[in-house]
Ligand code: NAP
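First, one chain by itself in structure tokens, the form predicted alone.
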Amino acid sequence: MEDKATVLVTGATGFLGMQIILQLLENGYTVKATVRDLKSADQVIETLRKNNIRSFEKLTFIAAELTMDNNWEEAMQGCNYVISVASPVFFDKPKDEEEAFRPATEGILRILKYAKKACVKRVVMTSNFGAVGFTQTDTSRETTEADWTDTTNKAVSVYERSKTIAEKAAWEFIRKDGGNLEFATINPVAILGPSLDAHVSGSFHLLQNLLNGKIKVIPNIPLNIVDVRDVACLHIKAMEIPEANGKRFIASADGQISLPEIAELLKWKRPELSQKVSSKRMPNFVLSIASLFNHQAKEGILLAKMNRNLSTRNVKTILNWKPVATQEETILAAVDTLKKYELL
């Protein structure tokens, strides 16, 4: 580790961004953090203080948004590395999908452009497994970082398609205009685990909907899970390790776990929170029929058919990574977060 290395982290108030900042400070880095509004800085500092960060001499904030050029040149000055976490999130299906893809693509290209101008050594981008394997259905082989999601498949959500298009645009920029700028991406599956504050990831909605009984019949859909602490660690390793340059990294714990298995885990390990968890199961043929009429069911079929046999060779061999928690421990830590911050 370079003793005086400075890292710019975008999306400082987010579930993952906060965890990355915590680990960077614990490892002695100087951190510049971007927020949309400087009023958020106090919230970040208070959260870090509650998680045993005692000194804030190495942490500064700057207001910058992905959609505007303002302050990015200043943000990049003096930075050795950039960890680009911030990305637009879609809570509802946008009316104009093509327009919806633009903010994510323009945002990462803006970051790469200013990083190159400031002679930053390396940018690590938070991408998504949705950019890798959402349309990879060949179960005779592993899904690897060589795979790309087919964005012409309309069953793929706008969010996943936007992440795919944005990541492809980033790699194209590096190939054509990157110069000496180094680049790597982390492509995490569903991120769960403990949150440092009440800000959680979209993956928590699945647990919330199981626990509050909103999912009345549970489909047999397999999932891959990864702990937020591991995803943060992998970003830092991809930043530090020379051999990570030019590579994508699937971030996932080993194996997979299905929605019915998660439901049973919750009932077994957190019975006091699981009274509303359904015992009803949906056969795959029912989901197939529903997909003919319902877009949400169509996305469910996509998830059910996806090849969940993922290769984690890159993170283990190149980044020398060992998970901090099992999938079950990660899920239970997420449930405990929901209880702690009264998000159920």
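Don't overthink the numbering: it's just position in the shown sequence, from 1. Keep in mind that what you see is a predicted model, and the values were worked out from it rather than measured.
Keep in mind that the form predicted in complex with the ligand is not shown, yet the notes after this line are about it.
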**Asked** With the partner absent here, would A238, T312 and W321 each sit within 4.5 Å of the ligand in the model of the complex, counting heavy atoms only?
**Response** no
From N245, S258, S201, T105: within 4.5 Å of the ligand in the model of the complex by heavy atoms is S201
In this chain shown alone, the residue from V85, I221, A253, C233 with a heavy atom within 4.5 Å of the ligand in the model of the complex is V85
May I ask you to state whether L48 is within 4.5 Å of the ligand in the model of the complex, using heavy atom distances?
-> no
I'd like to know whether R36 contacts the ligand in the model of the complex, with contact meaning heavy atoms within 4.5 angstroms. yes
- Distance check, V189 to the ligand in the model of the complex, heavy atom within 4.5 Å: yes
> Does any heavy atom of L59 come within 4.5 Å of a heavy atom of the ligand in the model of the complex?
Replying inline: no
Testing 212-220, 141-149, 126-134, 170-178 against the ligand in the model of the complex with a 4.5 Å heavy atom criterion leaves exactly one stretch, namely 126-134
Contacts from 48-84 to the ligand in the model of the complex (any heavy atom within 4.5 Å), listed N to C, are A64, E65, L66
